[in-house]
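First comes one chain, alone, set out as C-alpha cells in the form predicted on its own.
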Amino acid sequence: MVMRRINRTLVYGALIVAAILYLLPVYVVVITSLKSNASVSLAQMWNFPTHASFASLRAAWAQLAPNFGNSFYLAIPATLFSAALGALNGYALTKWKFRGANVLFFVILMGLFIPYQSVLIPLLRVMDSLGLYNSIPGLILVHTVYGIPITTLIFRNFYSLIPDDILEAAKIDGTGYWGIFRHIILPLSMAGFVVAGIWQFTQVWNNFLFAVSLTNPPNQPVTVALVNIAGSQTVQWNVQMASALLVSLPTLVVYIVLGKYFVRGLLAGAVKG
C-alpha cells in the first residue's frame, strides 16, 4: 500500500512537471498579448503585465477578422463532407464485403502518405481548369478529398467493432443498405464522428500550404493572415502573440467542448491500429 502511494505520487508529480513545461509557451503567449509593445522584452518575458492592455488583441482582431469568416466557411463544410464520406466508406468496407475491398481500402489509405508539396502543381492546374482557383469552395473540395483517407480509416476501425448480428437481423427484417446505415449505423457513430470531426477540423483550420497556394486576398483563411502579420517589417511581439492566441482559440474551444467525447471515441477503438 505504501509503495502504491509512493508510485502514484511520483506519477502525478511527473505529470504536473510535464504539464507545466508544456504550458509555459502558452503562458508567454497570453501575458505578452496583454502587454504594451514598449514593455515587451526578453528581460521581462516571464513577468506578468503590471497594467493589462487589450490594445494588442484589438489590433490583432482588426487585421484577422476578415479572414476568420473564410476559415470557418472552409473548415466546417470540409470537416462535415470528409467525415460523411469517411463514414460511408467505412460502412461499405466493413459491413458489405465485396471482392477487392481490402485492395480498395489500401489504395484509399495511400492518400495519407502523399505529401502536399508533391501534388501542389497539378492541383493548381486542376483547380484553375475547374474554375475553383482563388475560392473557398475550391479549398473545401481539396480538404474534403485529402481528408477521406483518415476519416475512412477512423470509421472502418470503428464500424468493425459493431456486431454483424445486428445487421443480419436488420437484413432479415427487410432493411436495405441505406436503411441499415440510417437507422442502425448512424445512431452508433457519434464517437466516430467526434474523433473524425475534431481531427479534420484541426487539420483544415491549421493548414497553411493549400491556403497560401490556392487563394489570394481577400479569400485567404486566417492562417495566411497570421503569417502575413508575423512577416511584417515592424515586429510588434504583443500583436503577433495576440494574433496567435486568437487563431488558436477555435480549435481550443473544440477540444474543450468535445474533449471527453474524443477520449471516449479513442477508447471505443475509433483510431485503433
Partner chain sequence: MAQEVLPVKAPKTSKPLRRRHRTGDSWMPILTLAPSIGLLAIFVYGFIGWSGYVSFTNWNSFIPTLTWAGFRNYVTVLTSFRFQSDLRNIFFFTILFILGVLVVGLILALLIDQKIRAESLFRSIFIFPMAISFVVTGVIWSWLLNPTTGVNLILKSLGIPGPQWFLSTRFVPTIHLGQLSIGIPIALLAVVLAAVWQMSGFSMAVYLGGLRAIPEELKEAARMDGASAWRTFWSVIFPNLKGTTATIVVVEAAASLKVFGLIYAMTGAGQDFTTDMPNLNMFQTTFSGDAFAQGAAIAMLLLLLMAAFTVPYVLSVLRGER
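Residue numbers count along the first chain shown, from 1. We call the rigid core whatever largest set of C-alpha positions still superposes within 1.5 Å between the two forms. Treat the numbers as computed from the prediction; the structure is a model and nothing was measured.
Not pictured, yet referred to below: the form predicted in complex with the partner chain.
Residue contact check: I108 to the partner chain in the predicted complex, 4.5 Å heavy atom
It does: once the partner chain is placed as it appears in the predicted complex, I108 has a heavy atom within 4.5 Å of it.
With a cut-off of 4.5 Å between heavy atoms, is V194 one of the residues that contacts the partner chain in the predicted complex?
Looking in the predicted complex, residue contacts with the partner chain do not include V194, since no heavy atom lies within 4.5 Å.
Looking in the predicted complex, any heavy atom of L226 within 4.5 Å of the partner chain?
Residue-level check for L226: yes, a contact with the partner chain.
Can V29 be called a contact residue for the partner chain in the predicted complex at 4.5 Å between heavy atoms?
So V29 counts as contacting the partner chain.
Since the partner is left out here, which residues of 109-130 would have a heavy atom within 4.5 Å of the partner chain in the predicted complex?
Counting only heavy atoms within 4.5 Å of the partner chain in the predicted complex, the contacting residues of 109-130 are L109, M110, G111, L112, F113, I114, P115, Y116, Q117, S118, V119, L120, I121, P122, L123, R125, V126, M127.
Is S36 one of the residues whose C-alpha moves 2 Å or more between this form and the one not shown after the core fit?
Shift of 2 Å or more: yes.
Please state whether V257 has a C-alpha shift of 2 Å or more between this form and the one not shown, with the rigid core used for the fit.
Moves: no, less than 2 Å.
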